[in-house]
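Have a look below at one chain only, the form predicted on its own, in structure tokens format.
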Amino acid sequence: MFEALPDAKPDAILALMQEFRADTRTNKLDLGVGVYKDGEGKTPVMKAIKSAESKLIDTQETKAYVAPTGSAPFCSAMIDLVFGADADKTRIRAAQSVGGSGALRVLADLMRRSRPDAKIWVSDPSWPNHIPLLGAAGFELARYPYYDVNTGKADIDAIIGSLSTAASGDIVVLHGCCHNPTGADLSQDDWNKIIDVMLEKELFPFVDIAYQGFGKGLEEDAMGVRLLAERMPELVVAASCSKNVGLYRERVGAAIVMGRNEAEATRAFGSLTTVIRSNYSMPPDHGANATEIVLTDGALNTQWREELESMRVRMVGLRKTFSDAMRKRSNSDRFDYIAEQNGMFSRLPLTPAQIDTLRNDHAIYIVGDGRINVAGLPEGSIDELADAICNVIAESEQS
């Protein structure tokens, strides 16, 4: 049986994590792993979540199965969070999913049933797992250029030019905010330009919003989704609670569909239920119920929003401090873009050889494409980090 299987290709980020753990140097620094870290390098459980979990333990009376689509109150709260309380909910349905990744996969399976001949367009670069997740659903994948390395911004002209070649009915994956891996987000004008071409070409929006609240703020980060909902006839959204509620290991997310009308939304939701049932039958319960409490309990919701905002503000501050340090040590403005980007990630213009040198000689671990986790920047030694990076770049350019 198993002798016919090919050797699995190692996941680059997971392999980097394993190498970091095995490194015995005391000064090692992990800028690769994609989880939020506080000033002590820990990924904390939010206080609002701890309170919600205590409340849940005290009040929950059963561990019986939930429905394939999960908790209805959780799903309703997620629709409000992503689309806004004033959205036309007659056209929107949501199912609890196994994290944002689970939402991506079941929504891809749903669209594969509906549009088996469509291509899925994914930004280049994008989160590495987009390709295997969406490809496993059976779609042909295409890439559209996204990032201008010279400006550190989204290249809207290249995006529009590429999407203009897509065929009617093709599906376009869009990062709702805090683009991973670049941190370069679309402006409101950019979103409207993309929507214009999608309407003209009859393309279908597939939004992955994994970092709502990490960029400009909870409401501000939903701007792209809400513009799409206003102007597009239909769309799907994969939402994650891993980052903004800190429930990485609990695997909490939502798969959301918006139809042209109530009947189509209901039909899509019925098919989504079937897809979920055939994938993993039922979603887990604990994390979603704790999230539901945080989203619906007034006091806990206020506490959660304050905690989330403090995380966001901290990352904004780290971006500015790191950008200033890189400007001082490089004697140039080539790294100023870092302070202007959003969310947890940014991309440094490093070659694979420079990344290897930083790891081997300085115990600084960075993903092979230059992506860094801004939340992992060392608050007390950013100057030393900037020194190491700039020195390695300078030495490489002189050789």
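Sequential numbering from 1, following the sequence displayed. Not measured: the values here are computed from a predicted model.
Form predicted together with (2S)-2-hydroxybutanedioic acid (LMR): not shown, discussed below.
Can you work out whether (2S)-2-hydroxybutanedioic acid (LMR) is within 4.5 angstroms of a heavy atom in all three of S51, L247 and W304 in the predicted bound form? Spot residues vs (2S)-2-hydroxybutanedioic acid (LMR): no contact at all.
Choose from 331-339, 355-363, 52-60, 27-35 the stretch whose residues reach within 4.5 Å of (2S)-2-hydroxybutanedioic acid (LMR) in the predicted bound form, heavy atoms counted. Of the options, only 27-35 has residues within 4.5 Å of the partner.
Just to be sure I understand the contacts: of R105, R91, K153, K243, which is the one whose heavy atoms reach within 4.5 angstroms of (2S)-2-hydroxybutanedioic acid (LMR) in the predicted bound form? Residue within 4.5 Å of the partner: K243.
Candidate from S323, N180, S162, S71 lying within 4.5 Å of (2S)-2-hydroxybutanedioic acid (LMR) in the predicted bound form - any heavy atom: By the 4.5 Å heavy-atom cutoff, the listed residue in contact is N180.
Any chance I382 has a heavy atom within 4.5 Å of (2S)-2-hydroxybutanedioic acid (LMR) in the predicted bound form? Flag for I382 set to no.
With the partner left out here, check for me: in the predicted bound form, does some heavy atom of I13 sit within 4.5 Å of (2S)-2-hydroxybutanedioic acid (LMR)? Taking the distances in the predicted bound form, the answer for I13 is yes, it comes within 4.5 Å of (2S)-2-hydroxybutanedioic acid (LMR).
Decide whether W127 counts as a contact residue for (2S)-2-hydroxybutanedioic acid (LMR) in the predicted bound form under a heavy atom distance cut-off of 4.5 Å. Output for W127 is yes: heavy atoms within 4.5 Å of (2S)-2-hydroxybutanedioic acid (LMR).
Look up in the predicted bound form whether R371 has a non-hydrogen atom within 4.5 angstroms of (2S)-2-hydroxybutanedioic acid (LMR), and give yes or no. R371: yes, in contact with (2S)-2-hydroxybutanedioic acid (LMR) in the predicted bound form.
Neighbours of (2S)-2-hydroxybutanedioic acid (LMR) in the predicted bound form among 185-219 [non-hydrogen atom within 4.5 angstroms]: Heavy-atom contacts to (2S)-2-hydroxybutanedioic acid (LMR) in the predicted bound form: only Y211.
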